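Here's a solo chain for you in structure tokens, the form predicted alone.
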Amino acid sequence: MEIKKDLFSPLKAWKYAFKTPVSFPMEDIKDRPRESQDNARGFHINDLSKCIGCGACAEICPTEAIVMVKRKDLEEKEGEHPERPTMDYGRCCFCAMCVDICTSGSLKMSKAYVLNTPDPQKLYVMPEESFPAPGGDILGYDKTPESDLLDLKRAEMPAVAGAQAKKSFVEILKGYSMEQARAEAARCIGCEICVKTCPANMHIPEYIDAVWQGDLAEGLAQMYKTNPLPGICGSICTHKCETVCAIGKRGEPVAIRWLKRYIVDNAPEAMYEEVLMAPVSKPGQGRVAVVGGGAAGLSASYYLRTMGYQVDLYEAKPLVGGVARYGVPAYRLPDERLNKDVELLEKIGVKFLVNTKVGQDITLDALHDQYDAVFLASGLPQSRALKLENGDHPDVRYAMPFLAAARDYQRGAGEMPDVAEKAVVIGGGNVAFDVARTILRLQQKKYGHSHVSLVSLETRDILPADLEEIEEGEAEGLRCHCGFGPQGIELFQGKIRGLNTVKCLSVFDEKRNFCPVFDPEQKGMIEGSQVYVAVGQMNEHTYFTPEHLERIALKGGKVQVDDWGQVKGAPWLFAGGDIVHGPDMIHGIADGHKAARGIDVYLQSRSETA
């Protein structure tokens, strides 16, 4: 039956026109919140302890009723912005899309509301847990799995399975297809929280948006503004950015590193070179020597060339690349991807002087005489020693020389390193897992099976290695003994029988200082006829003379520099990367970029005063 609307029905309201409205003082009703109809949504409440200020709510609001406002009581800290959403209830349409897209789950709507005021300015508020009245737990609206606007699961990366992976040094990860990359890029909300955490402050939302738009040239251009080694970083960056990704608050973080790799792998060579060459100036500003061909040295070389400096890079080994070349196994970073980054730097005019060790083949003072400035980025080439009973046995090996020899073997430049049928690796970081997984592959090739045990002070939940390294290692058959400390190497008839261990109760003290505590009653022995030590790396300051050490400052073996990478006590000398901040690829790249700008400021100011 058709229902006809009474055209005069609005006239019924006239019976209230001459009645006096009744209102109640706020203090009389503020403690008596009333629940509304079942379909009422109410006002917003926001758990400020969960809110990260990502701004997704403001971005999606169709009426522009939400404005992000910086709070003076919130400090800048990693993983969040100091802004919080404010709501203009004169504009809000109560669609609740802001709740549906909230990355942290902090934003909800409550029916326990009281807002009685003739002042329209008071309709503009910053909701908190208790707003707008006590009893804010009367839920009006919250997202459901059906209404959630965020895709919380990342696109799966095609990869070689564990049992098959350890049969060769072929790269494990295969890279995204265009469909997978675009689907993953669509998950990014562009909040830029990741940018603050990235040591290089890469333009992450911009290059991810370029993937979504299918504009690989723009993606490359955005990456090169802050990172001239996207091929290397697309494979082995420590991806600190992903640890603070807003999507990761409730789901899996956006695969930022893999999207970087997608751009590099799929951009045509001509496009790649055009983007790289565009900002490069002709030499003429001056001459700079770079010591070390790792991430920091390569980064500084690129940015110095864009500024018009002639750059000569000195590398002690036959090939440029640093730990990426001689430490990271090929199944994580094949030479082809590394070569692409290095060769493109050669094309823009960076000169590589390999097999030249500064401090041995040429002195630091000689570089000072021949160049206008020197950037020191020699890395951490030595493995840290570990004092153990029988630790001087010839079958005790160290991580860095072993990985270098294994990598030479992988590229056909050396013999296969000798590996025992059973081996034990000491350490819990990425290097330890690289050593262990490399041994697995060499054993598989030599014996047709593998047996590697890894011993770490840390329990599995606090291992310093990346989770993917841990999971991939376990899938390949690595035996992890987490929460145990090495006590000594047991011998039988002059040969290593195994590693004696003791239970580790804690690794750090209350101030987070390294201070392991053991339970001497819980002892054991892990079998193996070789022991590999991978508990850290050390500087090699052979290029510093006693005169240098009188002027410059070292602290804990690290070179002390100012905010521009300038070495204190030697204004012509700059330093960065591992020798300043410890081992981290992306930090080294950031240091190289910063030092290049510092060198430019130093040389330009010097020429102005000359």
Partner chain sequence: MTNSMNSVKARWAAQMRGMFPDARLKKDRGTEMTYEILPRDLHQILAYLKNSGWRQLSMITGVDWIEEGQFELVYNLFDWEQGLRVLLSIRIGRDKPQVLTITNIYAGAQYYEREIHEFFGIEFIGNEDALKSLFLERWDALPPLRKDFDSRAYSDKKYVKRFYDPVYGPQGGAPFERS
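Positions refer to the first chain, counted from 1. Remember, predicted model here, so these are calculated numbers, not experimental data.
There is another form of this protein, the form predicted in complex with its partner chain, and it is not shown here; the text below is about that form.
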{"property": "Three-residue site 481, 517 and 522 fully in contact with its partner chain in the predicted bound form at 4.5 Å by heavy atom", "result": "no"}
{"property": "Single option in 310, 201, 86, 444 placed near its partner chain in the predicted bound form, where near means a heavy atom within 4.5 Å", "result": "86"}
{"property": "Among the candidates 160, 275, 125, 319, the residue which, in the predicted bound form, approaches its partner chain to within 4.5 Å (heavy atoms)", "result": "125"}
{"property": "Contact test in the predicted bound form: residue 130 vs its partner chain, heavy atoms, 4.5 Å", "result": "yes"}
{"property": "Heavy atom of residue 47 within 4.5 Å of its partner chain in the predicted bound form", "result": "no"}
{"property": "Partner contact for residue 71 in the predicted bound form: its partner chain, 4.5 angstroms, heavy atom", "result": "yes"}
{"property": "Exercise: residue 414 in contact with its partner chain in the predicted bound form, heavy atom 4.5 Å", "result": "no"}
{"property": "One stretch from 327-335, 301-309, 86-94, 168-176 that, in the predicted bound form, holds residues within 4.5 Å of its partner chain by heavy atom", "result": "86-94"}
